[in-house]
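Form predicted alone, single chain, as structure tokens, below.
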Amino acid sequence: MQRYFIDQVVMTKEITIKDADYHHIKNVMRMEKDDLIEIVDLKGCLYLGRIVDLNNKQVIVAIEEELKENNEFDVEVTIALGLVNRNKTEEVLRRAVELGASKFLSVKLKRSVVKHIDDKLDRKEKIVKEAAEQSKRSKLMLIEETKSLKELIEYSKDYDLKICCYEDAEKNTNSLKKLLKEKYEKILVLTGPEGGFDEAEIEVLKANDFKMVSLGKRILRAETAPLAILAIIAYESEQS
């Protein structure tokens, strides 16, 4: 069943859907009267809805019942990705949503190949919404502003576990499996850009309580590393 995140709070027995979601319901999914859809409102409440009318570029949906479902991690996971180009960023956004990340941000690092910051928030939010609907998320992943390393350090103070995925991390120094056996409320994961981390950046991160972890014997691409660790976190958290 198709799911839609709407920018309103369900307070009545009927709601109106317009614009892009109207187009998707009518022209992409080719839905008709009496078809069922799922609605997630601004409060994160999930409802079963029945289409009662499609006209005048809007869809009228009758709310049938509230559904009890939670497809989110028990822990809030934020992905901080070393600044990469738009295509790679968008690919990570899609997959990070599917894998359960709560927040995403880019970080300007010394070895980032990209120097221009693409902060077209509308486009990114559209990608997040589509991926959340496809993967049956209960919440939309939030996108934070791009930060410098100094800003990231300040931002990280609210997290009870801070991880840096670093290919030169000493093996067995910080076992990711052991780290994830503990219970946390908020986890921040930093992965590097195409050029990796500068040694001075690693020293700053270590001094601010970031745990250096290895993701295995192979060197992963900048767009692969955040997805690999999200998959590990998903497995460990959802198996416990």
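It should be emphasised that the depicted structure is a prediction, and the values quoted were computed from it without experimental measurement. Don't overthink the numbering: it's just position in the shown sequence, from 1.
The protein also exists as the form predicted in complex with a small molecule; that form is not presented, and the subsequent description refers to it.
**Q** Quick one: is Q58 in contact with the small molecule in the model of the complex, heavy atoms, 4.5 Å cut-off?
**A** The answer is no: Q58 has no heavy atom within 4.5 Å of the small molecule.
**Q** Contact between C165 and the small molecule in the model of the complex at 4.5 Å, heavy atoms?
**A** Looking in the model of the complex, residue contacts with the small molecule include C165, since a heavy atom lies within 4.5 Å.
**Q** Within 4.5 Å, heavy atoms only: does E38 come near the small molecule in the model of the complex?
**A** Residue-level check for E38: no, no contact with the small molecule.
**Q** Does the 4.5 Å heavy atom contact test between G195 and the small molecule in the model of the complex come out positive?
**A** Contact with the small molecule, yes.
**Q** Which pick from L230, A222, I25, I17 sits with a heavy atom within 4.5 Å of the small molecule in the model of the complex?
**A** Comparing distances to the small molecule in the model of the complex, the residue within 4.5 Å is A222.
**Q** Quick one: from L215, L179, V204, M31, grab the residue that has a heavy atom within 4.5 Å of the small molecule in the model of the complex.
**A** Checked against the cut-off, the match is L215.
**Q** Using a 4.5 Å heavy atom cut-off, indicate which stretch of 49-57, 64-72, 180-188, 195-203 touches the small molecule in the model of the complex.
**A** Of the options, only 195-203 has residues within 4.5 Å of the partner.
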